[in-house]
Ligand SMILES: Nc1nc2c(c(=O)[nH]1)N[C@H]1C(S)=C(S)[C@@H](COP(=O)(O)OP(=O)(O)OC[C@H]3O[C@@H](n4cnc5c(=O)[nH]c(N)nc54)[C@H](O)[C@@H]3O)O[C@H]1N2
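Given as C-alpha cells, the chain that follows is alone and in the form predicted on its own.
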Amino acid sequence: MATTASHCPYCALQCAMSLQTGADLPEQQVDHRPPVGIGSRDFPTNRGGLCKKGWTSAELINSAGRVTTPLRRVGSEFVPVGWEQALDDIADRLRSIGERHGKDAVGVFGGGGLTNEKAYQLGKFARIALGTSMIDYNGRFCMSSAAAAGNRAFGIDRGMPFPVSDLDGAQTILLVGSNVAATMPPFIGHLEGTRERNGLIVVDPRRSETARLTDDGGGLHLQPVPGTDLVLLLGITHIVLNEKLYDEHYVQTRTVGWEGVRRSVAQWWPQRVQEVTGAPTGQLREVAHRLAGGRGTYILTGRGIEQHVDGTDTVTAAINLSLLLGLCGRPGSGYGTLTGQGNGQGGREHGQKADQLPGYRKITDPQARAQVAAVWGVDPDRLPGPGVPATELLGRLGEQIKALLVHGSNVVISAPDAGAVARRLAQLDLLVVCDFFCSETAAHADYVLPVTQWAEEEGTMTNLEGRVLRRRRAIEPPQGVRSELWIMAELAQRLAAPGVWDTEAAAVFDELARASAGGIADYSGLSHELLDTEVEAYWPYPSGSAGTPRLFAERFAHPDGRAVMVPVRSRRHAPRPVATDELTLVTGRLLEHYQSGAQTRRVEELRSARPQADLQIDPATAQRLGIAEGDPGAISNLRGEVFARAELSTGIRIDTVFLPFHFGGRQTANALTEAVVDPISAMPEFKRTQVSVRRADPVEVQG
C-alpha cells in the first residue's frame, strides 16, 4: 500500500490526513482506478482527528457520477465532445463576445476551494488572456467583511494571526457567530482547556452544537436577536470603558482612534443593549469582566456576525474591543476570525478578487501593477482596472456580461436571491463551468469541463492560520479529466495571450512567489520544494525569512506601526415585536455537509444522515402556526418559496427559524435571501432574512 501525505479537501482547518492507495478495485470505479483510503496523520490543527466529512472524502474520487469528458449542451441535453473541439469553440465564442460587446462582457467567477496556484492563474488569465476586469469569487460570500475590518484596523488581513494551538492555554474565549462544533469539529479540541476553566463564551441566536459546549460549567451562552451582534459588542465595549477595564497603556502606545470609539459607544448602556438584543444586563457585565479578568483571553469571530449589511462594522467592533483589552499581539491572547472555505485565506490573496493582484496588492496601485506586469511579461497599461464584487457581477449577467466562466463555485445554490441568479444564467450567450460533477450551476452550462479533484493534483492551500500547506497527488485523474491549469494554458494559447502559461503547479507557484514579493501576502521565500520538507510556513514569508507564525508582537502593518480603532455605529437597532407574522430566517451549515452540498450530497453516509433540509423552529412558534414535528413547512417571501420538514427545537429563539444552505431544488435556502450587501465589503445579508412560515401540503413539497 502506498501512502501520500496530504490535507482534507473541505474546510479551512485543513486537517492533515494520509491517502492510501492499494491494488484492489472498488465496486464503483472510473477507468478501473484503484481505491483510495483515508488515514489519520498527526498535525497541530487536528492532532490526528478528522470529522465525518474528512473520513468519507475519498468516496467521491471514484464516484460513478463523475464528469470525465467535456460536455456540450445541445438543446436540453449534454453530449460528450473532445477537448480540442470544446476549447476551440469556447475560445472562438469568447473572442467574438469580446469583440462585439467589449472585454468586460466576459466574466469570471472563482472559488475559495481552488489551490493557490489555480486562484493565481485564474486572476492572470482573466486580466491578460481575456482582458476583463469582471472577476470575483465566492469568498466574497464568506470572508469579505472580516477581511475589510482586518485591513482597516491592522493593515493586513490574515484570519488568525497566530497558530490555532495557541488557544490551548486560553483562560477565556469569546466566540461570536461561529458554530465550529459543526463546521470544523477537530477545532473544538483546542477549546477543551478553556471549557474546563469555565471560560468559553458563545454568542449565537441558536443553541447550536458549539453553544452546547458551554453546558455543565463549560461557560456562558448569549442568545441575542439575529442581526444585533453589533449592538451587543458596542454594549460590552461600553462596560469595559465605563468601568475602566481596558488596558490604558496598550491603548495609548499601540493604537490610534480610541477616543472616537469611546464617544461612539456612549449611548449603549447595558439596559438599552438588553432592550435591543435580548441579552440580560447581568450577562453583558459578566462577559466584560471575564474578558478583562486576566491574560489568556481570545476573541474569535465567524460568519454569523459577518454575513450582514453591517458585517464589516460588526467585526470592527469586535476588533476595537480586542484592542481596548490589549489582546492583539500579546503572547497568550489575541483576536482572530475563522476562515470557512478550504483555501478561503489563500484564495483571496493572489488575484481572483475584483480589486486585487497577487500578494494582496491593490490593482489600482501603479507600483503593484508594474511589478506584477513585469512578472507576467506585459505592459502595465494592458492590465484592466478593478472589477465589481460577486453579487454585483452576478447581477450583471445577461446584460453587460454575456459570457461567464465558473471555477470551483456553485452560484445557483450559494448566491443570494439564487432564483434570480439562475434566471440570469439562462440569459447568457455562453456559460462554461469547470467541475468534477454536474452541479446545479453546471446544469445551466453550455459547456461542462471535467477537472481534477484534490487527490489527483499537486498544489498548495493556505489554512485559517495563514499556514501554507502542500496538496499532493496520490492517484492519476481519470482519462479525459484535466487540471484547470492546463485548461487555462490551452485557452490562453488559442486567445493569443502573451506571457508564459505553465501547467505544472510547482512552476506556477514559483511565478506566484515572484509576483507576490514585497506584497502584504508575500510568499516569495516559499516553493514546493521547501514545503515538501514540512516546514512551518506562515505568511508573510519573504525570501530569506522563516515566516511569521504570530503577527503584531511589535507593530501592526500600518506605516506608523499602530492599530487603528474605527468608531462604528448601529443603524438598525429598533427592537422587533415578538408577535408578528414574519420570522427572521438564519442560514448556516450542518455537520454532515459542506458549502453548496455539491460534493457531500453525493456521499451516501453523509446524505443518509442528513438527506434533506430541516426547518429548525421553536415549539411555541410552531404551535401558533399549526405545525407539528416532521410536518412539511413552506418558508416564503417576495423572492421565492422553499419547503422543508419542521424540526422543533427549544434551542432557537421564538422569533427565529434556521435553514441549512446545502440543498438545491425546492429546498434552496438562498432562494429567500436578498441581494443586499455591506457597503464596505459587499458581503450579502445571509443571516437576517424576513420570511413567513406555514404548514405546507405534502403535494406542494413534491412539486
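Every value quoted in this text rests on a predicted model; they were computed, and no experiment measured them. Start at 1 and count along the sequence shown; that's the residue number.
Quick note: we don't show the form predicted in complex with the ligand, though the next part is all about it.
**Student:** With the partner left out here, check for me: in the model of the complex, does some heavy atom of Lys118 sit within 4.5 Å of the ligand?
**Tutor:** Yes, contact at 4.5 Å.
**Student:** Taking heavy atoms only, is Leu114 within 4.5 angstroms of the ligand in the model of the complex?
**Tutor:** Close contact exists here: in the model of the complex, Leu114 approaches the ligand to within 4.5 Å, heavy atoms only.
**Student:** Give a yes or no for Arg589: in the model of the complex, does one of its heavy atoms lie within 4.5 Å of a heavy atom belonging to the ligand?
**Tutor:** Taking the distances in the model of the complex, the answer for Arg589 is yes, it comes within 4.5 Å of the ligand.
**Student:** Is Phe643 close enough to the ligand in the model of the complex to count, meaning some heavy atom within 4.5 Å?
**Tutor:** No.
**Student:** The chain here is shown without the ligand. Which stretch in 355-363, 473-481, 307-315, 375-383 comes within 4.5 angstroms of it in the model of the complex, by heavy atom distance?
**Tutor:** Within 4.5 Å of the partner lies stretch 307-315.
**Student:** Taking Ser145, Gly155 and Ser516 as the candidate spot, are all three within 4.5 angstroms of the ligand in the model of the complex by heavy atoms?
**Tutor:** No residue of the spot touches the ligand in the model of the complex.
**Student:** Exactly one of Thr172, Ser322, Gln599, Thr460 has a non-hydrogen atom within 4.5 Å of the ligand in the model of the complex; which residue is it?
**Tutor:** Selected option: Gln599.
**Student:** So the ligand isn't shown here. In the model of the complex, which residue out of Glu490, Glu456, Asp435, Glu511 has a non-hydrogen atom within 4.5 Å of it?
**Tutor:** Here the answer is residue option Asp435.
**Student:** Taking the ligand as it sits in the model of the complex, which residues of 445-459 have a non-hydrogen atom within 4.5 Å of it? Please list them.
**Tutor:** Heavy-atom contacts within 4.5 Å come from Val451 alone.
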